[in-house]
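Just one chain is shown here, as structure tokens, and it is the form predicted alone.
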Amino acid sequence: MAYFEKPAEGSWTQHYPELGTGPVSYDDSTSPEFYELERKAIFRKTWLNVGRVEQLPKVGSYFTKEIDAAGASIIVARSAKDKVRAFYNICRHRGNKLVWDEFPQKETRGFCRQFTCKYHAWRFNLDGECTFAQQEAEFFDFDKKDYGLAAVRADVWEGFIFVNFDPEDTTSLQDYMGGIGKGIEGYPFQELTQVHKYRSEVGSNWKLFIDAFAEFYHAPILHGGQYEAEERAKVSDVGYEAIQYALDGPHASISSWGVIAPPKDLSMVKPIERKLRSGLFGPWEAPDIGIDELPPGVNPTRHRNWGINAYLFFPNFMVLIWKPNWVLTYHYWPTSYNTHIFEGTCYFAPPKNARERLAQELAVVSFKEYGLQDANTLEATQRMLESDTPVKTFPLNDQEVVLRHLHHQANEYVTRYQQSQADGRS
């Protein structure tokens, strides 16, 4: 018997009949050829989150981003108080990488009035216009205005900076974020300026790590060691159910319970969590971030035991809003069919004292521990999916409906791209 009410069809999966209920293939996670199609069909065609506006605090602030799956390095800069621009990170003279520090493959950030190429000192202003060419008179039929930086479409949603490499895509960022994005607009992300980041190279397909964070079915088992022994036995017996799943276009959301921040019984958690009044679900005392009522997409059922909403914005950006007023984001940046870079970022309200700081840091290291357990498992999964085995399809249960949706969407994007190529469209 379900703990939480399910749709009239009987399950969340059946509520979305286009997904089917049969076993699924993971060929999309083991094929180099499919990955090459994903690069063109997905990562060159969709809006990709690359950062937050707080990373660009003043005019002239910039950072670079390496996006292997799109075959691009970009510069993201604040060109005016209310304007964020993005450019391909390539000098228009001889193709040198324009902005980098000691190692060309590394990302960087900083502040400048103009970007200056290390090779021949060509300069470009914050709007990408070429302002100086060394020995300009030596060139032939040359006009600097013809050699500005190549722009990448950029826009901002709720303080999150997105780019889109498809020059023919007319979908606005607001429209792309859809109903799920609309449902969380107004959440005070801008108040959460205490930031902790993790970055790791993971030996698995990018979608497999999203799979791990798009369901909590595995949590009582894989992460059982994080619980006190008695609590571990209880959660293992009960398993996991979400309060609600929602799919909207390529995106998805999960609304989940969270009675552990604070716990009903202190014996449920470990001594350090009791002492610091914090844990994976965050500090137990929620700071005031100036919000009287949650946006309609956060705890959409207004369930009394709600603890977290997780949003997957296709293809590779997840936002987790926790009841104790903090936020976690995940990014999954593919580097090959079986490797990717994972980024996890924790956002808190600035702590007012050492105790609050320690409570936040316990949440941060707890997340790291859980993430390492997931990543290690995924590398084992990738290894076996690539092995020579007669096992070709896998059953997904109703708590794994978002995984089913993710792989369905990836295949849909690739199929549409292949059809457009066959039709002679770009």
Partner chain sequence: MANVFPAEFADLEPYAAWAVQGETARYEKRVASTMEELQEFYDVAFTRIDEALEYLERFEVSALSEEGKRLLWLYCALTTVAFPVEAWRQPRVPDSGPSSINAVVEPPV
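Residue numbers count along the first chain shown, from 1. Everything numeric here is computed off the predicted structure, so don't read it as measured data.
Same protein, other form: the form predicted in complex with its partner chain, not shown, and the subject of what follows.
A.B. asks: Looking at 150, 272, 80, 266, which is the one with a non-hydrogen atom within 4.5 Å of its partner chain in the predicted bound form?
C.D. replies: The option sitting close enough to the partner is 272.
A.B. asks: Which of 358, 53, 59, 37 has a heavy atom within 4.5 Å of its partner chain in the predicted bound form?
C.D. replies: Exactly one residue meets the criterion: 358.
A.B. asks: Given that the partner is absent here, state which listed stretch (44-52, 365-373, 27-35, 392-400) has heavy atoms within 4.5 Å of its partner chain in the predicted bound form.
C.D. replies: Careful reading of the contacts points to 365-373.
A.B. asks: Using a 4.5 Å heavy atom cut-off, state whether residue 94 contacts its partner chain in the predicted bound form.
C.D. replies: Residue 94 lies outside the contact set for its partner chain.
A.B. asks: Considering only heavy atoms, tell me if residue 118 and its partner chain come within 4.5 Å of each other in the predicted bound form.
C.D. replies: No, no contact at 4.5 Å.
A.B. asks: Taking any heavy atom pair closer than or equal to 4.5 Å as contact, tell me whether residue 379 reaches its partner chain in the predicted bound form.
C.D. replies: It does: once its partner chain is placed as it appears in the predicted bound form, residue 379 has a heavy atom within 4.5 Å of it.
A.B. asks: Counting only non-hydrogen atoms and a 4.5 angstroms cut-off, does residue 218 reach its partner chain in the predicted bound form?
C.D. replies: Because no heavy atom of residue 218 falls inside 4.5 Å of its partner chain in the predicted bound form, the answer is no.
A.B. asks: Given a 4.5 Å distance limit between heavy atoms, list every residue of 172-198 close to its partner chain in the predicted bound form, or none if there are none.
C.D. replies: Contacting residues: 194, 195, 196, 197, 198.
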